[in-house]
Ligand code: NAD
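In the block that follows, a single chain appears as structure tokens, in the form predicted alone.
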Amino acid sequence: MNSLQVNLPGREYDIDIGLNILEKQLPEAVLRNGTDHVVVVTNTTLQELYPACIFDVLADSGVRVSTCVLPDGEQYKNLETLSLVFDFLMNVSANRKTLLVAFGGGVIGDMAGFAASTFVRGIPFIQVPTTLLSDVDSSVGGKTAVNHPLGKNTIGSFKQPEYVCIELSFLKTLPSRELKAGYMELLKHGLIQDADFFNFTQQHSLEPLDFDYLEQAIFRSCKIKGRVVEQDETEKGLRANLNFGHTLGHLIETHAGYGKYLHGEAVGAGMCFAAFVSWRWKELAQNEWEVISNTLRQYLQPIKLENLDFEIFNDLILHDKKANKQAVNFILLKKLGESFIQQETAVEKLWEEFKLFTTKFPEIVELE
């Protein structure tokens, strides 16, 4: 097992990463919290794969466990589904001493965290991520949100977990497509801040699963993100670098319809586009652009976007959280392992680059 701590002003929390650690680590974390009631928020897929998993793990902990099961999928990450969590909490008489456990991928983690941040003005919660994407992304850092029809993750809050338990055995039931999508966010941390880590990933394959490698890779990925969050918890500056690939990624998810493409797939295309722009604007050396694009394309899912013109492109980008007036703060690479924020990048310039990108690489993103 590998462990790290995220240290924030006045509080901190631990992240444990390993194989077959849940049965020991989760009860200890719940007991440290001092609650007598745990509400597990999960989805229908996990309820079928791992029925009563958290209930069984906590069976000898002396706490009451209630389970709220939500529909599965990005298309359900909205205020309507969030209301089901609030309804459930009211029906089981939850209060400020109730502890939420988010048991699922990024959608569950985001919605449970958002519910925890707002129900009776805040209750504690623990993250038990079950996908590679949520292991290295949504479970770390305290961003919680739901989607609006006009923009992804536009309604949310910052809410740090009390504890994160990354149980690697859950990855065994993850489809290959989900693994590849999650791997994009892991690779992102190397691309933007740690070339040595990116090079480390190049020495290993994602599949078949190698849990020794995954433990190290997830640990190093979470450590990179954790250190950024420590310096800029609420994204006033540095933390925005973690949005590398997300400007186009969020546009793809919103325009295509939530759930058509996985978050990591959309972000992966966005990362490739951002690296392409970095090279085109003479920030990134050509050899590094080639290494990055060749690596990412091993895991990319072809994306097709219908009826996307400049007006729609402009509207979607300006609805994104990174937009400012008629421009957007766009994350570029100066070199492998070093990113920077290009302030107030004109949307028109990005549209021209995007059209060129789709012409050169229709196997990544194709306009129809």
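All residue numbers are counted from 1 along the displayed sequence. This structure is a prediction, so every number in the text was calculated from the model and none was measured.
One more form of this protein should be noted, the form predicted in complex with this ligand, which is absent from this view; the next part is about it.
> Heavy atoms within 4.5 Å of this ligand in the model of the complex: which stretch among 107 to 115, 81 to 89, 290 to 298, 206 to 214?
Replying inline: It is 107 to 115 that comes within 4.5 Å of the partner.
> Within 4.5 Å of this ligand in the model of the complex, do we find a heavy atom from each of 247, 316 and 329?
Replying inline: Zero of three within 4.5 Å in the model of the complex.
> Which of 305, 63, 312, 49 has a heavy atom within 4.5 Å of this ligand in the model of the complex?
Replying inline: It is 49 that has a heavy atom within 4.5 Å of the partner.
> Can residue 173 be called a contact residue for this ligand in the model of the complex at 4.5 Å between heavy atoms?
Replying inline: Although this ligand is absent here, residue 173 would touch it in the model of the complex, with heavy atoms inside 4.5 Å.
> Might residue 186 be said to contact this ligand in the model of the complex, defining contact as any heavy atom within 4.5 Å?
Replying inline: Close contact is absent here: in the model of the complex, residue 186 is far from this ligand, nothing within 4.5 Å, heavy atoms only.
> For residue 35, is any heavy atom within 4.5 Å of this ligand in the model of the complex, or not?
Replying inline: Close contact is absent here: in the model of the complex, residue 35 is far from this ligand, nothing within 4.5 Å, heavy atoms only.
>> Since only the chain is shown here, I'm wondering whether residue 98 would be in contact with this ligand in the model of the complex (any heavy atom pair within 4.5 Å).
In response: Contact with this ligand, no.
> Does anything in 10 to 48 come within 4.5 Å of this ligand in the model of the complex by heavy atoms, and if so which residues, in order?
Replying inline: If the 4.5 Å heavy-atom criterion is applied to this ligand in the model of the complex, 10 to 48 yields 43, 45, 46.
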